[in-house]
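Below you will find one chain, with nothing else, as structure tokens; this is the form predicted on its own, and questions on how it binds or moves follow later.
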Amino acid sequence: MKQNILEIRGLKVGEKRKEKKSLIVKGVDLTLRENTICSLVGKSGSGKSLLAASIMGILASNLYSEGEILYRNKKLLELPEEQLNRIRGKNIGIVMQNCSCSLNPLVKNGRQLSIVLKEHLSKKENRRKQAEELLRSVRLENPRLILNRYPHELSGGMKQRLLTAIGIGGAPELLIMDEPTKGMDVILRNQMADMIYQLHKETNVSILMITHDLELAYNISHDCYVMNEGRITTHGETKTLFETTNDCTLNDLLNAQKIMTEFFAV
């Protein structure tokens, strides 16, 4: 039986206000089993990305979190910053959704990837060779050429794959992916879905995938949680959940995606 790699219990995220507490995430419970892909779906503004930021300990200064986030039974919200830094990247990686803002436009791609490798790999290892292997693992061709270029010289899909390579640079066993197919056309979405699934199969990395892309969630995730207005409204095994749901939030999302698919198919 698979063990739980991540457990979230009663997580609340709110704004720091003197006059009253303003909650955005309102008591979320979520469990991610090791060696699985778990999708977290929901409408924009439902609190999905704040949940990811809470796990990594990178909430904005005007926000606070409370509850429990356990990684391998370590209570992340209670750890000092020094200990969290040792877990970030090495044990838990993250791929942010906004690749344009997450990559430094003035620094070559190779340098940005090398920074991660330098942090988590021994000095004896050939970081350049490791960087090329990482780019191959996320299905990027001509890795040597890409490493010598700047982010603006890559397409949106290539930048997203580069961010994924940076996210797995420390060989984490848990990877958080925030909207990995956002803004992609159908062909790029399918390529990204295949890359994520193959990455999971080849490395056994556990993935928490935050996404609007219900087709992506249905095709590659084992478990699914649906979030709306700061709360989990339903969860379960992905295919069973999608095929038997009576959850209003999930049905709304499915109907909206169906309408969009039919619109772009015209």
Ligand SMILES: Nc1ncnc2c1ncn2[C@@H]1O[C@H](COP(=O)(O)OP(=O)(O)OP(=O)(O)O)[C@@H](O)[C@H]1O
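It should be emphasised that the depicted structure is a prediction, and the values quoted were computed from it without experimental measurement. The first residue of the sequence shown is number 1, and the count goes up from there.
Quick note: we don't show the form predicted in complex with this ligand, though the next part is all about it.
- Residue 97 belongs to the set of residues with a heavy atom inside 4.5 Å of this ligand in the predicted bound form.
- For residue 43, a non-hydrogen atom is located within 4.5 Å of this ligand in the predicted bound form, even though that partner is not displayed.
- At a distance threshold of 4.5 angstroms between non-hydrogen atoms, residue 24 is in contact with this ligand in the predicted bound form.
- A residue is said to contact a partner when one of its heavy atoms sits within 4.5 Å of a partner heavy atom; residue 179 meets this definition for this ligand in the predicted bound form.
- For this ligand in the predicted bound form, the listed stretch (62-70, 216-224, 235-243, 193-201) containing residues with heavy atoms inside 4.5 Å is 62-70.
- In the predicted bound form, no residue of 135-162 lies within 4.5 Å of this ligand by any heavy atom.
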